[in-house]
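Here we start with a single chain on its own, the form predicted alone, put down as structure tokens.
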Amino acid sequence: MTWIPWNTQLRELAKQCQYLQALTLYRQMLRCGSTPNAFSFPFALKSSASLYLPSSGQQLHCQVIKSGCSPEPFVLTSLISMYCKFNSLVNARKVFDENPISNQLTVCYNALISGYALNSRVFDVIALFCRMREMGVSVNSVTMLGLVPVLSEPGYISLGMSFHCCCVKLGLNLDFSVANCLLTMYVKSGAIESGRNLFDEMPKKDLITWNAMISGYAQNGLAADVLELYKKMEAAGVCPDAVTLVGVLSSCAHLGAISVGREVEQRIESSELGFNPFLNNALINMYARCGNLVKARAVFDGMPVKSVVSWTAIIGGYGMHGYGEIAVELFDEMIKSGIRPDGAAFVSVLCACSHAGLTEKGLDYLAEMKSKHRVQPGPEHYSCVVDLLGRAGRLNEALELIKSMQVKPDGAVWGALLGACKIHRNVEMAELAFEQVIEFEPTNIGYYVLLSNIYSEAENLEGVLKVRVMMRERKLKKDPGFSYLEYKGRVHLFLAGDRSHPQKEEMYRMVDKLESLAKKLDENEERRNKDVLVGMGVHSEKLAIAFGLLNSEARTEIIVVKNLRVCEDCHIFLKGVSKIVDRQLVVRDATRFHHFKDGICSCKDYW
């Protein structure tokens, strides 16, 4: 048998990713006495690299040298790529340097650049590219496709822009794949505006282009931009895939845009994507965060196979809504089903314990993480438990836990302690926690406001002034509170004290009337601050609730999303209103859901 049929079979097997069969055929070829040549080796080397068989690859390299095929461009490229996949960059560079022909071949530079990029060797990538230019070797689209992705980290955005300029100079930006690659680089590095400019300039956009921009917006928390772009994508006649819809669903979850989420679910059901686990997980998260826990559970129960991500999503959903007992039951059921919890699953269940006041259960989970499940607790787990202890009034235990942590506490850990000090009015420990937290997050305005409120409640005016001076010196301004709700498929946004809405007159009259009625209901109750309903101004959630009452049908649920934590004034107000109007009012604030019904909140005033 001549070598031609062998090579044809090798090529087909490698092309079909049947790498083990390809290597078996290669050995059979040798046993039959056929001699491999420059057309045989690339397929055998690729198969060895794909199966991660370093010893097999080294044997093949010896045979390449024996056969005299080392100078062949495709063999050289295959050798370099193989060693890069083995993470043996020294050997890859040795192959490149020991063959003089490599210095003149674009394919060899491309192989090594891709290998360096695959191993995140940014400066080696750049140095090799510069050498390539100095040697006068032609740069092509493959060069840029290998090089640009490694510049996606925020610290390399200036270099990324330089290479973008190089692409324009060489005319490579006209290549569709290169343009998409540059767009992905911008959005991954957080340079969203630059990414959008490039997106808008592209004369042609395919599904990859739209997905890159939508995913970029979603990953950077720009949910409204995701939905705006998704509508434009549909108008352009581009059919979304699972990647698109995951980004859209995550944005619906962020905004509470449940009507768009329902439309996406209908699209999923009418397509072949119904059993996609990523989409189902995104649906669970979307419905839970939009306030429809019943639907979230229905999606979860309907999944034929549930991963740890699926369990984490539904556990987190119940936790957010204050149903800690159910979240704990689900977590234990997950373990019984044989699924091993990961760090994210423990964050979900610990948060659920915190929101429901299940202190001892949360402490048990923390103890079991390492001993029973071999999961090392991180700062995110400790911050949940500090919050758990702090809410229960066990501030000294919370502080001791921080001191005993095996990892360095971060801003979230100290911030949890600071929040607990606010609940229990512990000024001394609050000052300690504040000193630590601003070391990590010096520009986080929330912590300054929190300390100022602690001083204010303690009637420590000197402390309040001190915090204000710090904020002024650091040029920090309090984030404006805003709330929004969805009505007839449109999101209505309200700022605190907002007077720009067309229905402002009716809304303010409604708020005044409700505040008056709520105050009468509340005047016989024991409260720490008897004037809590007076003089606080009109917060955004009050305006959103008033708008919802004015525009929705009687007895329908009203769901409001707020960017900050609900204050005590609004919490008391909403409890009273839910009793007056005989409605369920649902407010999702920065940390959890509050379901108000008949004058009672689901959080049991534990928020």
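Throughout, we count residues from 1 along the sequence that is shown. In this text the structure is predicted, and so the values were computed from the model without any measurement. By rigid core we mean the largest C-alpha set that fits within 1.5 Å across both forms.
Below, we turn to the form predicted in complex with the DNA, even though it does not appear here.
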(message) in the model of the complex, is there a heavy atom of the DNA that lies within 4.5 Å of any heavy atom of S102, even though the partner is absent here?
(response) no
(message) Although the partner isn't part of this model, could you tell me whether F278 comes within 4.5 Å of the DNA in the model of the complex, counting any heavy atom of the residue?
(response) no
(request) Would you check, heavy atoms only and a 4.5 Å threshold, whether A296 touches the DNA in the model of the complex? (result) no
(message) Is it the case that P149, even though its partner is missing from this view, gets within 4.5 Å of the DNA in the model of the complex, heavy atoms only?
(response) yes
(request) Name the residue from S189, N292, S310, N180 that puts a heavy atom within 4.5 Å of the DNA in the model of the complex. (result) N180
(request) Name the residue from V449, L118, L170, M405 that puts a heavy atom within 4.5 Å of the DNA in the model of the complex. (result) L118
(message) Check for me: heavy atom within 4.5 Å of the DNA in the model of the complex, for each of L13, Q18 and C69, yes or no.
(response) no
(message) To test your reading of this chain, name the stretch in 438-446, 110-118, 359-367, 408-416 whose heavy atoms come within 4.5 Å of the DNA in the model of the complex.
(response) 110-118
(message) With the DNA taken in the model of the complex, which residues across 237-252 come within 4.5 angstroms through any non-hydrogen atom?
(response) D241, V243
(message) Please determine whether the C-alpha atom of F74 is displaced by 2 Å or more between the shown form and the other one following superposition on the rigid core.
(response) yes
